[in-house]
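Only one chain is shown below, in structure tokens, and it's the form predicted alone.
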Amino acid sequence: MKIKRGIFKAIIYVVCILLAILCILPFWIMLTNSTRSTYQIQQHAISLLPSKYLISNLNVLLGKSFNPMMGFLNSIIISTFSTFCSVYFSTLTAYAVVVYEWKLRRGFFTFIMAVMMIPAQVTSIGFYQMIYRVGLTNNFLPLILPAIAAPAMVFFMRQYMLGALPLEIVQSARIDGSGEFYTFNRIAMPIMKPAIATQAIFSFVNSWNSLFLPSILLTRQEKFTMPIMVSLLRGDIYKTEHGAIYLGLTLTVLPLFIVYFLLSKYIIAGVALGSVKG
């Protein structure tokens, strides 16, 4: 019996190691390609060993007509504020749906679910026309403020809150004289940390990688985000610098890793908490 369990554990470890390699391999190839020349990438597309052309690729990247560091800063500003807006206000909306008893609560939640079914591309033309008429093109606000309305995140937060937030705690806080916003910020929000961390990662990644709306609303080079600048690296029809493109992609991915490592402990804590409850 012990031998069978040992074999079963060994198989699980082998499968997990293989899955980890498959997840890491694309990022490693991207990292190594950022140190290789265009000729090396074209002749040998896959290489696990870094080369010596990192500085030359960086010079090519910095030698373009735009400033990658400015794009990096623009992407951080948009992604950080849009993530905060979507996470905080989605959690606040879910809190209102779960905690308060009011007549239209079920209909309000049904409306939120219906909004989820509408693709963003359907409303993009009307959204651009509205932004153009109010004079907010080449402005970060149209890319930040709409993040307040995130139906999928409201749904996730509501489902998590139903099982994680005891209503007795909220009622006890009210009896003790706590205000509604104080109760939400000091009691509900800490309990929701695992869900907030999970959704913050998804929201940050989605905002950081967004290319469609920023490319429509932002036309000045000093307002370009990092994905727009990376897409412009392929604009030369005579020669495409693949090494510089991979270096730009590597710089684009780095903040996503940082955000994940900063918030991963909360996700792991939430998974462990859920397993204990189960």
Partner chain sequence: MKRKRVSYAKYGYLFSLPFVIAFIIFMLYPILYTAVIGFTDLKGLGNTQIHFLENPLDNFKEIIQNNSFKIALKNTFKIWIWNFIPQMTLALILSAWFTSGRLKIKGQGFFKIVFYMPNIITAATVATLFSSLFGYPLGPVNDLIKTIGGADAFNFSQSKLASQVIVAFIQFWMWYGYTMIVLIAGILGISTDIFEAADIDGANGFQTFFRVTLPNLKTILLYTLVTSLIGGLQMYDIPKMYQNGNPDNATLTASMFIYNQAFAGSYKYNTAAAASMVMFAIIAVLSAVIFFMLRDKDEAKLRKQVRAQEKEYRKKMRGEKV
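Quick caveat: nothing in here was measured; it's all calculated off a predicted structure. Residue numbers count along the first chain shown, from 1.
Beyond the structure shown, there is the form predicted together with the partner chain, which is absent from this document and is the topic of what follows.
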Problem - Partner proximity in the model of the complex: Pro227 to the partner chain, non-hydrogen atom cutoff 4.5 Å - result: yes
Handout entry: Partner contact for Thr93 in the model of the complex: the partner chain, 4.5 angstroms, heavy atom
Key = yes
Exercise for the section: Please run the contact check for Asn59 against the partner chain in the model of the complex: heavy atoms, 4.5 angstroms, yes or no? Expected result: no
Exercise for the section: Using the partner position in the model of the complex, report whether Ile78 sits within 4.5 Å of the partner chain, counting heavy atoms only. Expected result: no
Handout entry: Sequence-ordered residues of 127-148 touching the partner chain in the model of the complex, heavy atom within 4.5 Å
Key = Phe127, Tyr128, Gln129, Met130, Tyr132, Arg133, Leu145, Pro146, Ile148
